[in-house]
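Just the one chain here, the form predicted alone, laid out as structure tokens.
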């Protein structure tokens, strides 16, 4: 039976995709569309309110254009999401396939390792990894990728154990089909929908964790444009210049909400459960 989705849900889905697509285009074309250099300081213009000439969303405590920093901050957020989800997906695929196909002691050992990673609070584990290997976006991306790899490993393992019992997979195995072909033709395509949904949810979580670590001073480092860093700088001026926290906070909220909503809609569209 072909999956169906309500008309209203389709409209929301397209609006969500439009926002995410626009955000991606803005991040890619940031040097072309940003009204100013996000790193250039203009001390006399510090704390300029939104709407001031040359500062559509105001200026921060160093006189830098808030809109330009939000535009360039989208690059950091999406880059962290893409790379960290890619790392988590790669590690999870390898681990989950190995556990599901080999079973026995290998399965037990790999899943015990995944459970050990999942047992730690996410942000605390990210802080620990970044503190050991140094501060910066590359370390944050690697930490987030490792932290979320067990989620993909569990999905891939469960799907592998289920699919390998299907008649077409057992027939292919009995006919001597190479394992790599069974995986690429029969296993991966059938588990792809669940993986895609998990990717959207993990993408949103990665953005939140990157912003949290940057807020704590463990992620992106000044003067690099980052939504989390903008919130860190704005915390001392919430009463005098509330726009410094409002706009980056709005950017984080809308982006995370969009990816979570996309995951829910894809889940409904593909008629699967995460």
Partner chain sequence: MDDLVCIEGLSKVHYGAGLLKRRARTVRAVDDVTLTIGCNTIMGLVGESGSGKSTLARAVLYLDRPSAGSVEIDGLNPAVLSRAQMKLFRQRAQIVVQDPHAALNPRRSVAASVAEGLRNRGVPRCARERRVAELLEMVGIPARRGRDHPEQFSGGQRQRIVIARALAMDPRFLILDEPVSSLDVSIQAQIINLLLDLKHQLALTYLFISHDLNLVAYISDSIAVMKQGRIVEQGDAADVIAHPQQAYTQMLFQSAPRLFDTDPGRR
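Residue numbers count along the first chain shown, from 1. What you see is a predicted model; the values in this text were computed from it and never measured.
One more form of this protein exists, namely the form predicted in complex with the partner chain; it is left out here, but the text below deals with it.
**Student:** Even though the partner isn't displayed, in the model of the complex is residue 168 close enough to the partner chain, meaning a heavy atom within 4.5 Å?
**Tutor:** Residue-level check for residue 168: yes, a contact with the partner chain.
**Student:** Going by a heavy atom distance of 4.5 Å, is residue 172 a contact of the partner chain in the model of the complex?
**Tutor:** Judged by the heavy-atom cut-off of 4.5 Å, residue 172 is in contact with the partner chain in the model of the complex.
**Student:** Do residue 178 and the partner chain come within 4.5 Å of each other in the model of the complex, heavy atoms counted?
**Tutor:** Residue 178: contacts the partner chain in the model of the complex.
**Student:** Flag residue 86 as yes or no: does it have a non-hydrogen atom within 4.5 angstroms of any non-hydrogen atom of the partner chain in the model of the complex?
**Tutor:** No.
**Student:** Look at the stretches 200-208, 119-127, 181-189, 93-101 and give the one with heavy atoms within 4.5 Å of the partner chain in the model of the complex.
**Tutor:** Partner-contacting stretch among the options: 181-189.
**Student:** Contact check in the model of the complex: 105, 108 and 193 versus the partner chain, with a cutoff of 4.5 Å between any heavy atoms. Do all three pass?
**Tutor:** Checked in the model of the complex: all three residues contact the partner chain.
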